[in-house]
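A single chain, nothing else alongside it, follows as structure tokens in the form predicted on its own.
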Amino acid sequence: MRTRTPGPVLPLDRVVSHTLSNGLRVRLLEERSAPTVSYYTFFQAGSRNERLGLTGISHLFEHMMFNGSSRYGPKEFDRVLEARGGTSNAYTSNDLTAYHDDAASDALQTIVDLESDRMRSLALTPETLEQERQVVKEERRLRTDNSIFGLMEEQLEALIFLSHPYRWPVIGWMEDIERITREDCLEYFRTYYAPGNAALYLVGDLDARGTLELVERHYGEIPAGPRPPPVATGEPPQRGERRAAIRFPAQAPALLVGWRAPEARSPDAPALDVLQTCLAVGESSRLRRRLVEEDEVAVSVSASYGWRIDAGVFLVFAEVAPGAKLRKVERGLEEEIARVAEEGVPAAELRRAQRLLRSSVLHELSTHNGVAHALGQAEALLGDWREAGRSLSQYEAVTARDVRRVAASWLDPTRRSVVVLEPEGAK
């Protein structure tokens, strides 16, 4: 039987790339499978760009951006967009802040008008600052101060990084959130929310030429803004294990182990993605089988390796089962990682991980929103939007030897950091 040769999953050759005179980068992809459009604005502004005293300002701005501009009052952004059948959201990470809108394609002009207006003239009033400050403080209480994983992750990042700005949390320290002034916000907006520090990614039922003209009319006269200051990325080598303990009201202990891992552009990044999938993604993953099903010392286990501009973190988190000893969980984790570092993984386990990763990438690239996001992530973290979707071939090329090598070189027990949760009141 004849097998059909599939076309490219992501038609990068059809992406229209243009940069306005003020530095705003625009990437457009006509994709008319559905009469919808997704619109992403990426600002190279995350906790990496902050300094002590202003930690959390990037995330605070994520909230401030929905509080009015010269032509649209507070809360008008969502009201106007929803009236056209659209939705919006945003997120802030260590490296960037992204805003995205999804709507039927006939709402594109409304989206461009809304987005360009807040980039040009965001309303930074004392009242909106104080309102959003209280919202962010409550979010920090919920997601960090009263969260077992949130507290442990914050402590782990502070152990792994001694000087790099990845050391502080994206949401910021509470005292810094309280300290940020309107003048701080005005300076931050002029520097980081200017066209020269931004990029637009539009995917869907659109006409590229007409859309570029529309973007030029709305954004072209916005000043480029000053060049953001360089990021201090120096970090001394780790010369031994680092440990910390947190005491918090909890039913059982927990364990979080992390290693400094390579930046997103590293050739080892795809193999580390495969490794974390082998270790802790899915019911048949290695650590779940060992710690949850066989030894019955943990109730859950997860692993994460998030790509970042600079060296990031590979971490494993486990919640200890009632009555089990935390040391047994840690020993089981040590043994499984050592086994991978010494023996690698069987072919079937490697194929399973590659298929899971492939499905995840294909799922993202199956929607206009996912494609726009993939283009933006590729340019922000890898330096080129043309890298979007490239991980499909990279994952396929990972070998068992690669997995063994990155486990041995990056998950070295002498360079790990460990945070343990000790239930408050436990003896």
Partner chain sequence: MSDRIALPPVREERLENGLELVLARREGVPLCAVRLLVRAGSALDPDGRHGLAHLVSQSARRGTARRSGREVDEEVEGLGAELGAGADEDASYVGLSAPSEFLPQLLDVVADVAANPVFPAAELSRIRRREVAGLAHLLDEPGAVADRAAVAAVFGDHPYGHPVDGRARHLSACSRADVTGFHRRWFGPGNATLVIVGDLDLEAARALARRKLGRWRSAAAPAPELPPVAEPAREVLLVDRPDASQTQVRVAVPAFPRASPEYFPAVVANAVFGGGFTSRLMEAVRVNRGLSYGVRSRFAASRAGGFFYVSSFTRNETAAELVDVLLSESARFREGGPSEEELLRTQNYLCGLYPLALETHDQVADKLAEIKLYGVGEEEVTGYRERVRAVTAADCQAVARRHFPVERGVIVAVGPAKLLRKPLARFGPVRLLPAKSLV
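Numbering follows the first chain given and starts at 1. Owing to the predicted nature of the structure, the values given are computational and were not obtained by experimental measurement.
Keep in mind the form predicted together with its partner chain is missing from the figure; the text below concerns it.
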{"query": "Any non-hydrogen atom of residue 328 within 4.5 angstroms of its partner chain in the model of the complex", "finding": "no"}
{"query": "Proximity of residue 34 to its partner chain in the model of the complex, heavy atoms at 4.5 Å", "finding": "yes"}
{"query": "Partner contact for residue 394 in the model of the complex: its partner chain, 4.5 angstroms, heavy atom", "finding": "no"}
{"query": "Non-hydrogen atom contact residue 187 with its partner chain in the model of the complex at 4.5 angstroms", "finding": "no"}
{"query": "Non-hydrogen atom within 4.5 angstroms of its partner chain in the model of the complex for each of 142, 249 and 359", "finding": "yes"}
{"query": "Among 265-273, 114-122, 339-347, 289-297, the region lying within 4.5 Å of its partner chain in the model of the complex by heavy atom distance", "finding": "289-297"}
{"query": "Contact residue in the model of the complex, chosen from 253, 169, 332, 258 - any heavy atom within 4.5 Å of its partner chain", "finding": "253"}
{"query": "Interface residue in the model of the complex among 315, 129, 214, 103, criterion: non-hydrogen atom within 4.5 angstroms of its partner chain", "finding": "103"}
{"query": "Sequence-ordered list of residues in 354-370 near its partner chain in the model of the complex, where near means a heavy atom within 4.5 Å", "finding": "355, 356, 358, 359, 362, 363, 365, 366, 367, 368"}
